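The chain below stands alone, shown as structure tokens; this is the form predicted alone.
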Amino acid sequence: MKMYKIAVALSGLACLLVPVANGNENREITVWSWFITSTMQKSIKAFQEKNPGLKVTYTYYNYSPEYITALKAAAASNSLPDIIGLQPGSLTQQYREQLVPLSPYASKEWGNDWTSKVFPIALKQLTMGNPTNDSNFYILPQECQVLAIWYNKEIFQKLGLTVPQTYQDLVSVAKKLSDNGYIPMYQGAADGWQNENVFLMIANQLSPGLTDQAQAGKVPWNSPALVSAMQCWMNLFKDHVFQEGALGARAYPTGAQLFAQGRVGMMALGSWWMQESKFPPPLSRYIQNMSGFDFFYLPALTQGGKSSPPVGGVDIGYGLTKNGARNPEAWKFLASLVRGDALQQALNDLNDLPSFSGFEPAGEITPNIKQMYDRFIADLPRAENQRFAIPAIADALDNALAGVASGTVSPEEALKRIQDVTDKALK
């Protein structure tokens, strides 16, 4: 989950916009998201050139907590914009009552077989958390992501380090980094989303798909593999793989800035990190062409185990609010964002991977970045699910991970608490 780019820590500039619902002023389309401003403006320009007379007004928020807070306030006052950025599962479900089903729009725009062009993991996630027998799509996916551990190749070479193959290797690499004044693996543990990402890497390493079964109530959260996963999560703090003070740290903008500046050895991010090469100097000075960075999957954390599989899915999607449904122009921009000129601009900026097949970045793409991009695209079809269907379960996991990391809750007790919330939610 990208939460979101160094270059756009501009949430103080955001303002609430109330969509206009009648008259000629309906030529304006209002959009809120945490999507990087510079790229969104390119998408808007491409769309407006093809649709003269339409104006897209975009409001950027830093995802946590500004965007989440703004959405809640606007939903409560019925002042949501036409289009809102969302993740599938729990976040979409929080606003499902304020959204309109998009299948009829998509079928009319692209034909009845449009879902055949969506990557399987993305299609699976689009209905997560829907009520029984509700197969509607309340968001459409713009981009997908694959989670990974990125590392600074220049630092590794300087210190004679190699990509860790085992947990002991990981601990050893972290110690060597720390001893030489670098942050070992930066964890923004104040952000629930980054904690979820790392935990899902661990859990799917030990038992692929088990967290999906647990959140659906098919297996208990205190299954042996999930207890082991929570213990492995705890060990990353105890063994100083993560930096000191991780529990109070934010991934964005702080962690990503430090990583880009060459002060961090490793960081759990995702395929979106490729876009850093597109930012103008001085921001991109250290990572020009991404030649100083590469990625690996979390190494085996248990004896004789395997490295983590790819984990990911929809990075960001967009929903059409009921306010937006009254604006006949709003769907046009949403369609362009997910499968049109606006999407292409995002891909050209290497913002992330497409959710629809048949797209790839164009323009100035170095061989090194193209090779990374192709690796991610090859791994996307086999990615394990990154999302949670029910908001209460996602919140319970966030609280459990924070409690275990701080040492105030045992792994077993933390998982019991998630189970209690799951039982209640599923009833």
Partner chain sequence: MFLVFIVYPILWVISGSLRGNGSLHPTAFVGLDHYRQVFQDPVFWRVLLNMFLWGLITIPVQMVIGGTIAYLIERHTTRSKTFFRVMFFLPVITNVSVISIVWSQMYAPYYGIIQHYVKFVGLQLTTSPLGDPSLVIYALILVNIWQWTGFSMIMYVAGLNNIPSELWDAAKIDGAYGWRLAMGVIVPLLSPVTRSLLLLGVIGTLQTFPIVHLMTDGGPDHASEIFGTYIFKQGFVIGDLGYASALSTLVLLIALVLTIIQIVAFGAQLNPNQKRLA
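Because the structure is a prediction, the values reported are computed rather than measured. Residue numbers count along the first chain shown, from 1. Think of the rigid core as the biggest set of C-alphas that the two forms share within 1.5 Å after superposition.
From this point on, the text means the form predicted in complex with its partner chain, which you will not see here.
Residue contact with its partner chain in the model of the complex: residue 318 places no heavy atom within 4.5 Å of it.
When its partner chain is considered in the model of the complex, residue 113 lies well away from it, no heavy atom lying within 4.5 Å. By the criterion of a heavy atom within 4.5 Å, residue 254 is counted among the residues contacting its partner chain in the model of the complex. Although the partner is absent from this view, residue 100 stays clear of its partner chain in the model of the complex, with no non-hydrogen atom inside 4.5 angstroms. For its partner chain in the model of the complex, the listed stretch (59-67, 43-51, 373-381, 359-367) containing residues with heavy atoms inside 4.5 Å is 59-67. Listed residues 249, 149, 300, 347 were compared with its partner chain in the model of the complex; 249 is the one with a heavy atom within 4.5 Å. Residue in contact with its partner chain in the model of the complex (any heavy atom within 4.5 Å), chosen from 227, 190, 171, 123: 190. Core-superposed comparison between this form and the one not shown: the Cα of residue 240 travels less than 2 Å. With the core held fixed between this form and the one not shown, residue 153 has its Cα displaced by under 2 Å. Superposition on the rigid core between this form and the one not shown places the CA atom of residue 367 less than 2 Å from its counterpart.
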